[in-house]
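Coming up is one lone chain in structure tokens, specifically the form predicted alone.
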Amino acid sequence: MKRLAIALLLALLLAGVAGQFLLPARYDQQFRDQTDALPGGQHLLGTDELGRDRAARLLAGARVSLLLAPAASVLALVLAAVLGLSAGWFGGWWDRGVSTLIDLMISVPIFLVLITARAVLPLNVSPVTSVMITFLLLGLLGWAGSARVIRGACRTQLNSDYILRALATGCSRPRLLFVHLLPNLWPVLRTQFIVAVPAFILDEANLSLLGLGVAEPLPSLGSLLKELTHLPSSPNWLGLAAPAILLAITVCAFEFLLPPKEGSS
């Protein structure tokens, strides 16, 4: 299942990147005489109320989410690794200070912080700027949970037998960190990255539903979900539901990339 999930995510990313070359329409191109068109040969998923091709917008939204959510996850993981590792490595007052900061960040719901931070920033910006602001905020504010996990894993490793034996043999601190500690923390770092990507995609979706995410006309999976409100009165149920289906598939695919839980068969 893990290989299938990787293949599926790569296929979605490739389709998102190549969609602008494979489809006859751009995501922002309007066909004013074909508004709210049903799926057909020219428009595979029909058009929206402005006459824009839904398939082109879906692939463009997948491209935005699948490229920038991992980038935000990398930023959050770097911050989490620096703070978590340093807290576990140095201990003492630095550990207490970082742990207090982590507890403070976790005690406040991240989504409320995201809404507040995004609301105080300019909203009338270009679509590209809105994308950068949204995912930069996700990366800068979404590190606390991973930092707590990394700090705990670091403390556990430092108290393990192989670290104590390395210290007893005179292993230098830099070698202990880069040769012994970091390679054994790599599974933890990888897992935290995989967990963060779908979480950031969903956070962006929630922000876009509130009008605080990616700005029009640039689509994302989140902004496309707003059209689901028209589902009961529209005959084009496939075009309206496609973003939700793709979002669910993407999140489930990332779940299959996680290592199996201990004790599971």
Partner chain sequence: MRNAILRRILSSLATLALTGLAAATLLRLAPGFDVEVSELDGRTSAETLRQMREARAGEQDIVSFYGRYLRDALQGDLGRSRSYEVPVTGLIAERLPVTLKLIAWGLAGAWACALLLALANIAFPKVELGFNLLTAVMLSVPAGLVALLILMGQRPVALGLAIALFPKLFSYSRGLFKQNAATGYALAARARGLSAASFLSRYVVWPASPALLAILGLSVNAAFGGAILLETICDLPGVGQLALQAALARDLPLLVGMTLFVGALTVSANAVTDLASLYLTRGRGRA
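Note that the coordinates shown come from a computational prediction; the quantities given were computed from them, not determined experimentally. For clarity, a rigid core is taken as the largest C-alpha set superposing within 1.5 Å between two forms. Numbering follows the first chain given and starts at 1.
One more form of this protein, predicted in complex with its partner chain, exists but is not displayed; see below.
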| query | When you measure heavy atoms, are R96, T116 and R155 every one within 4.5 angstroms of its partner chain in the model of the complex? | reply | yes
| request: Work out which of M132, L79, V195, C171 lies within 4.5 Å of its partner chain in the model of the complex, going by heavy atoms. | output: V195
| note | Checked L177, L136, V128, I106 for heavy atoms within 4.5 Å of its partner chain in the model of the complex; positive is I106
| query | Taking 4.5 angstroms as the cut-off for heavy atoms, does A244 touch its partner chain in the model of the complex? | reply | yes
| Contact label in the model of the complex: S86 to its partner chain, heavy atom within 4.5 Å | no
| field | Interface membership of C252, its partner chain in the model of the complex, 4.5 Å heavy atom rule | value | yes
| task | Report whether the minimum heavy atom distance between F90 and its partner chain in the model of the complex is within 4.5 Å. | result | no
| query | Across 204-232, which residues bring a heavy atom to within 4.5 Å of its partner chain in the model of the complex? | reply | L225, L228, T229, P232
| Large Cα move at L224 between this form and the one not shown, threshold 2 Å, rigid core | yes
| query | Relative to the superposed rigid core, does the CA atom of I201 travel 2 Å or more between this form and the one not shown? | reply | no
| Would the C-alpha of A69 be classed as shifted by 2 Å or more between this form and the one not shown after rigid-core alignment? | no
| task | Might you say whether the CA atoms of L114 and A196 end up closer or farther apart in the model of the complex than in this form? Their distance differs by 3 Å or more. | result | farther
| query | Which way does the C-alpha gap of I194 and L114 go in the model of the complex, closer or farther, given it changes by 3 angstroms or more? | reply | farther
